[in-house]
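First, one chain by itself in structure tokens, the form predicted on its own.
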Amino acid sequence: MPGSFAVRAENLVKVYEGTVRALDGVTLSVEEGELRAIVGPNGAGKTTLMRILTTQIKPTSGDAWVLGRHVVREAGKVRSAIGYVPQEFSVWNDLTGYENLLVYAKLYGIPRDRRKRVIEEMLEFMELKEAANRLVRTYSGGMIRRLELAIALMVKPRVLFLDEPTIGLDPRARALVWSRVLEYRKEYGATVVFNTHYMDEAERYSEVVTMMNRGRIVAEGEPGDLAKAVGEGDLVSLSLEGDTAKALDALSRVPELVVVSAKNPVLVRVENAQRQLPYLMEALMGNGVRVKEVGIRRPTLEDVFVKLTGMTVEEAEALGFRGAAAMRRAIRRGG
């Protein structure tokens, strides 16, 4: 049963082309008003999950609800209560920003006597008023993303779904998009669910993180709590020359040290890097290991992913490339 959650999914499975298992038993609960990040590499199943939750495709099996409405049996009611910004740009380049908003205002059924006011409010809110009468083809990527966000917010949705909302944007444009999302959420108490493979974005903006890989949820919780899965202390990254075997042998004799990743650069966790780094370096050099570069930082969600899956996000993307390509083909066909 959906319960009182804004978003609820139970054992969702989605199989494309009869063989590609994009979702493999996903169960998810998002509370009303929550800011939830769904993270993972390309091909992890994030977009497939979001397309099911926004009623664009049907699951092979399992159920999902948004605001208590079943996404298959009550798709129309779900669509009337949500806003959605897809990963791919979804506006018309040969229309102005104002004209794009007007088209969608008509599609959304906003009454004629309210359209102009709603559009102007959105242009003002998204800081696009001065560019309203320019063709969208002259907009920057950040401006296009804000226009799409303006379209999604015109109907004041109770749940906002964002699929890679800042992909390809520079840091300033990313920050501006997020400032608008957070302000809308604060004013209207909306639930926000967003997909991203930017782990730093999930850490900065989300309250709860759902981490996915190969169609499954591999971890879930508050960003700070997830980072603790790597362990307390500091992470030291060691970029080495040559084979890592001698380095790992030397590191095995350093007290209070845990190897997080044995690949070059080797990643280890220590209680206090400032205190333990001299001993660590002495052990390596004493074993004939040359260190090219050393980095020290706190654990991140990227490190959690490595610990849980044994690979980096980039390696997981490379592994899942063929499956992701098949998914994209099926999605385009409406599968």
Partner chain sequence: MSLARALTFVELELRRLRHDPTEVFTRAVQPILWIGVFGTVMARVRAIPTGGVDYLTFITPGVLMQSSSFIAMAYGIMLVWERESGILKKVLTLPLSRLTVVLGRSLAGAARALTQLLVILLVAVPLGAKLDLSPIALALAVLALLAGAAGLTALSILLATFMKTRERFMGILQAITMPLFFASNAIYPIEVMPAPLQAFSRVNPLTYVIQALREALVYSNPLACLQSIVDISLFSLAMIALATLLLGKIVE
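The model shown is predicted, which means the values in this text are computed figures rather than measured ones. Positions refer to the first chain, counted from 1.
Another form exists, predicted together with the partner chain; not displayed. Remarks below refer to it.
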| message | Using a 4.5 Å heavy atom cut-off, which residue among 178, 188, 89, 125 comes into contact with the partner chain in the predicted bound form? | response | 89
| Which of these residues, 109, 224, 255, 242, gets a heavy atom within 4.5 Å of the partner chain in the predicted bound form? | 109
| Is it true that 6, 130 and 174 each have at least one non-hydrogen atom within 4.5 Å of the partner chain in the predicted bound form? | no
| task | Go through 99-107, 246-254, 204-212, 166-174 and give me the stretch that gets within 4.5 Å of the partner chain in the predicted bound form, heavy atoms only. | result | 99-107
| Quick one: does residue 80 come within 4.5 Å of the partner chain in the predicted bound form, counting heavy atoms only? | yes
| request: May I ask you to check whether residue 58 falls inside a 4.5 Å heavy atom distance of the partner chain in the predicted bound form? | output: yes
| Could you tell me if residue 262 has a non-hydrogen atom within 4.5 Å of the partner chain in the predicted bound form? | no
| is_contact(residue 54, the partner chain) in the predicted bound form, heavy atom dist at most 4.5 Å | yes
| Hey, which residues along 144-159 are within 4.5 angstroms of the partner chain in the predicted bound form, non-hydrogen atoms only? | 151, 152
